[in-house]
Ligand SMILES: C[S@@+](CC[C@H](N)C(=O)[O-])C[C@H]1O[C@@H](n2cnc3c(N)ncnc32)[C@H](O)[C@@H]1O
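Okay, here we've got a single chain as structure tokens, the form predicted alone, with questions on binding and movement later.
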């Protein structure tokens, strides 16, 4: 008998405590000199609903840009990945509206296709699975409620002989800084097999005014999306945030190439969080960092693929050259 026990699979999942992790990350972030909250906690059910609203508003160009790409090039993407039974694994699936364009192209080509949407929001996955069963009954749909890393762990544990097409759309890669993006994509590479594919959405650098409008939309959805993080702390951790005393502010950092989001305290105030047994002081106009969204040059995309073990099969652009969906092939 060994002197240790390896925790894995379902046993490890049972020991995970999302509320505890949330509390510890809030404690860590608000205790720093420059306060911050981790953007991965945006996506509870209400956060996911608000993000769907953001994607539909007129100022937020990435959704329309990527939809155009998939409408114009979905059949070409599908043809490249066809010829064998296929798992389509959709990280951060949301409502799956754009993915459905690609799935329809695969079905029309007669590809034996299993769709695996992955999202942290149970509400989003439940709704998506039901919608897909109604709209595309011929499709095998198996939804997963988990974070990206757990989804990748699940992928690497799959024992079937299907080829994989991993989708990471909507410029979600932009939420990682360049070092973390490389680490994530390499982690993704280890979960895939030689010859598998990844379709990744990259938001390109562009006119700064276009970026500023997109991340400070006139409908106020982005502000509500950020403030919902404070409401989530109130609901789940017993916080006393008054969201009317914080305003959302999005700006562009020309050095890093990132849109940066903050919640700014409008007055001097103290917020208590019961689950932490702590209170936190905020000065008037003190910012709390909530999100980075990095933008790319096309040469950045090429370097990233090369550095993380992929070969670029194709790059698909929208008509305004605002966005790129890059199809990468795993090389091992």
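Residue numbers count along the first chain shown, from 1. Source: prediction; values computed, not measured.
This next part talks about the form predicted together with this ligand, which is not shown.
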**OP:** Go through 296, 43, 280, 292 and name the one with a heavy atom inside 4.5 Å of this ligand in the predicted bound form.
**Re:** 43
Original post:
Taking this ligand in the predicted bound form as the reference, which of 197, 148, 202, 241 has a non-hydrogen atom within 4.5 Å?
Top reply: 148
**OP:** Look at the stretches 186-194, 130-138, 73-81, 86-94 and give the one with heavy atoms within 4.5 Å of this ligand in the predicted bound form.
**Re:** 86-94
Subject >> Candidate spot 51, 55 and 98, all three touching this ligand in the predicted bound form (heavy atom, 4.5 Å) >> reply: yes
Original post:
Closest heavy atom of residue 169 to this ligand in the predicted bound form, within 4.5 Å or not?
Top reply: yes
Subject >> Partner proximity in the predicted bound form: residue 121 to this ligand, non-hydrogen atom cutoff 4.5 Å >> reply: yes
